[in-house]
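Quick heads-up: it's one chain on its own, the form predicted on its own, in structure tokens.
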């Protein structure tokens, strides 16, 4: 019998490319866990998250971040994503050990492709395909939003001034990469 083992493969094969002063790359190795909370339990879960992982429940449209190691993305009043670079064997089990049954957890790690756009032309490239105002005063550092780009669902976060992370369903990874690279080429 053959000795076979499975190896993870990223959606875009570790894509990376420079476009003048701006760098686009696929971010791999992230644990993404959806955290949902039942009505009326958010404050208790926020306290528990603060105690266990050092981050409180984020307000909708904002990010609670611990450097590049972990973040809570406030997607709506009763749901956030925990994004972590810890690469746990089972990120849901790891988080469930910390929060118990205070939240509903779902592993989303392999469901999303994540692109990071970093550089001075980031906003110019994204404003061509993103319908939300990405100016510093409207969508500053530590903001997050659900939107669409070229008819593809996207979660966009802004870890700092010139850097954006774009989460799109893995099933549309190549179409999404094409949309972003085309916008960068057309600057």
Partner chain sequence: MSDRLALPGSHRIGHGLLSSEQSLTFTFNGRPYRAMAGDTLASALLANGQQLVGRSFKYHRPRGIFTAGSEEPNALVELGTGAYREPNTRATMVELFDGIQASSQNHKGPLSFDVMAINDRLSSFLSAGFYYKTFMWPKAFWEKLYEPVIRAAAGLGSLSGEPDPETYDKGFLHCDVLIIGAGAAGLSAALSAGRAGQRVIIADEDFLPGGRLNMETFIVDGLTGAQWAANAVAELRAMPRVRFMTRTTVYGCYDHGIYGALERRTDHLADKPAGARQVLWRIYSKHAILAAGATERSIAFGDNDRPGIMLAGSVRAYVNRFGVSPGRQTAVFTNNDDGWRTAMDLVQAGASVSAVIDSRNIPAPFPVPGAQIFMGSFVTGTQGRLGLHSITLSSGQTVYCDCLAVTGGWSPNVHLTCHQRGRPVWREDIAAFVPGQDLPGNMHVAGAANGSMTLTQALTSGHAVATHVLKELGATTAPASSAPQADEEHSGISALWQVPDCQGRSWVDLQNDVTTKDIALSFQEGFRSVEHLKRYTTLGMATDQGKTSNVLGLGVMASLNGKSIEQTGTTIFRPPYTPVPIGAFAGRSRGKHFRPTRLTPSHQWAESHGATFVETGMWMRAQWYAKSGETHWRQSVDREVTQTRSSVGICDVTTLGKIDIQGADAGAFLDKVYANMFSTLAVGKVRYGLMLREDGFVMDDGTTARLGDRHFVMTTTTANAVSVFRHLEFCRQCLWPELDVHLISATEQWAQFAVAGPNARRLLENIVDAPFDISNEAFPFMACAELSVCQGKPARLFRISFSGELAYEVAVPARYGNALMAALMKAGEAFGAAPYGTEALGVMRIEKGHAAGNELNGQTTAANLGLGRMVSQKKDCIGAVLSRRSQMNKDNAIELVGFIPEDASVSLRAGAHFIDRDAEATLDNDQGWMTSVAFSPDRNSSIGLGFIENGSQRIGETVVAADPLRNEFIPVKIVSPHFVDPDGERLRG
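Just so you know, these numbers come straight off a predicted model, no measurement behind them. C-alpha atoms forming the largest set that superposes within 1.5 Å between two forms make up the rigid core. Positions refer to the first chain, counted from 1.
There is another form of the same protein, the form predicted together with its partner chain; it is not shown, and what comes next is about it.
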| item | value |
| --- | --- |
| Segment assignment from 64-72, 33-41, 114-122, 158-166: heavy atom within 4.5 Å of its partner chain in the model of the complex | 33-41 |
| 4.5 Å heavy atom contact, residue 22 and its partner chain in the model of the complex | no |
| Non-hydrogen atom contact residue 175 with its partner chain in the model of the complex at 4.5 angstroms | yes |
| Close approach of residue 45 to its partner chain in the model of the complex, 4.5 Å, heavy atom | no |
| Contact test in the model of the complex: residue 128 vs its partner chain, heavy atoms, 4.5 Å | yes |
| Partner contacts for 69-102, taking its partner chain in the model of the complex and a 4.5 Å heavy atom cut-off | 78, 79, 81, 101 |
| Core-superposed comparison between the shown form and the other one, residue 40 Cα displacement 2 Å or beyond | yes |
